[in-house]
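Starting off, we have a lone chain in the form predicted alone, written out as structure tokens.
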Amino acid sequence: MLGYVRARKSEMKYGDYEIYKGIYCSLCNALGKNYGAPGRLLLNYDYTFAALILLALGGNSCTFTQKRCPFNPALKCFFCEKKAETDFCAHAIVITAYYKLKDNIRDERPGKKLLSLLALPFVSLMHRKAKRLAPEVEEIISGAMAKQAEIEKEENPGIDRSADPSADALGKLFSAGTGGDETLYRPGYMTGRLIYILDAADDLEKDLKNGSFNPFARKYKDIKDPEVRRQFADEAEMLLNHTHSDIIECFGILKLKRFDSIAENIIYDGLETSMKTVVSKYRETPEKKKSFTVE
């Protein structure tokens, strides 16, 4: 997961922001306790959202206790005392990071490949433990990565087929994190689909330059052409808007027991901000630069 699913802090109430930050810190704490200080470096906002939803659907109340931050003892942070959901997401983060590194080694340019090779031994040790602690998560993510690799060998799989393994994996993770609740599969699937489309659109120019797989690359190989950029921006925006609408509908059916205003902020405002940020890159020509004049 890549950090596209995050809250829009400017639209949050102070209390909601403290809870959101508390869940983020709780996930960081779970990574530290299970995998040591290096595990904390893998923390991201996408899995913070997953932890939020799992905690919001949990049967018991969620108690936050203020403690000192392990990274900065001068700061006091709120930590959720409930561990099952955050531990589940911590294991998923490590397993996802492991397979992402292996993917980078196979596909990325030399610089990033070297960094991934250097990080792989440390993440491999964490992955060995995560695989033992969360075999179901390992099966879901490893299966998705294997399926993704096969799809990327196809000549022109298209965005729907390309996005399916990631979307299916997140749907299954949402369901598994709630003990097999099938009603969570569809919301997770659509969220995973949106993340994949955002990432593919965001990385299109880089992937074209590096020769990496991107489902949009064949159709929009002349992305520096202003007309091609406009066409791509229109298609990406359409795909994202349709997927976003499905996400809103899916989560609207869920009966969250807590944190509903935070979830709404992420689903409505946060995702919309990420979508606009990515699409806006292609609304301007590469030569056009932002400027202003002061009289």
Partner chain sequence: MVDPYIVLGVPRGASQERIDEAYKQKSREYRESGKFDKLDELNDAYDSIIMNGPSGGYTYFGTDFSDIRDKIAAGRLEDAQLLLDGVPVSSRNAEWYYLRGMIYDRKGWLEEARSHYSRAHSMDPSNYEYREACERINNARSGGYKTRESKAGTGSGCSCGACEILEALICADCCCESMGCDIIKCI
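Positions refer to the first chain, counted from 1. Every value quoted in this text rests on a predicted model; they were computed, and no experiment measured them.
Although not depicted, the form predicted in complex with the partner chain is the subject of the following passage.
Participant: Look up in the model of the complex whether Asp160 has a non-hydrogen atom within 4.5 angstroms of the partner chain, and give yes or no.
Facilitator: Within the cut-off, so yes.
Participant: Although the partner chain is absent from this view, report whether Glu272 comes within 4.5 Å of it in the model of the complex, heavy atoms only.
Facilitator: Flag for Glu272 set to yes.
Participant: Heavy atoms within 4.5 Å of the partner chain in the model of the complex: does Thr63 have any?
Facilitator: Taking the distances in the model of the complex, the answer for Thr63 is no, it never comes within 4.5 Å of the partner chain.
Participant: Is there a heavy atom of His91 lying 4.5 Å or less from a heavy atom of the partner chain in the model of the complex?
Facilitator: No, His91 sits far enough from the partner chain in the model of the complex that none of its heavy atoms falls within 4.5 Å.
Participant: Which pick from Leu42, Ala233, Ala56, Leu239 sits with a heavy atom within 4.5 Å of the partner chain in the model of the complex?
Facilitator: By the 4.5 Å criterion, the partner-contacting residue is Leu239.
Participant: Looking at Ile248, Ala37, Cys69, Val228 here, can you tell me which has any non-hydrogen atom within 4.5 angstroms of the partner chain in the model of the complex?
Facilitator: Here the answer is residue option Ile248.
Participant: Are all three of Tyr189, Arg193 and Tyr268 close to the partner chain in the model of the complex, meaning a heavy atom of each within 4.5 Å?
Facilitator: Contact check passed for all of Tyr189, Arg193 and Tyr268.
Participant: Determine which one of 136 to 144, 96 to 104, 121 to 129, 152 to 160 lies within 4.5 Å of the partner chain in the model of the complex, judging by heavy atom distances; exactly one does.
Facilitator: Contact criterion met by 152 to 160 only.
Participant: Do any residues of 162 to 176 have a non-hydrogen atom within 4.5 angstroms of the partner chain in the model of the complex? If so, which ones, in sequence order?
Facilitator: The stretch 162 to 176, when checked against the partner chain in the model of the complex, contributes only Asp164 at the 4.5 Å heavy-atom cut-off.
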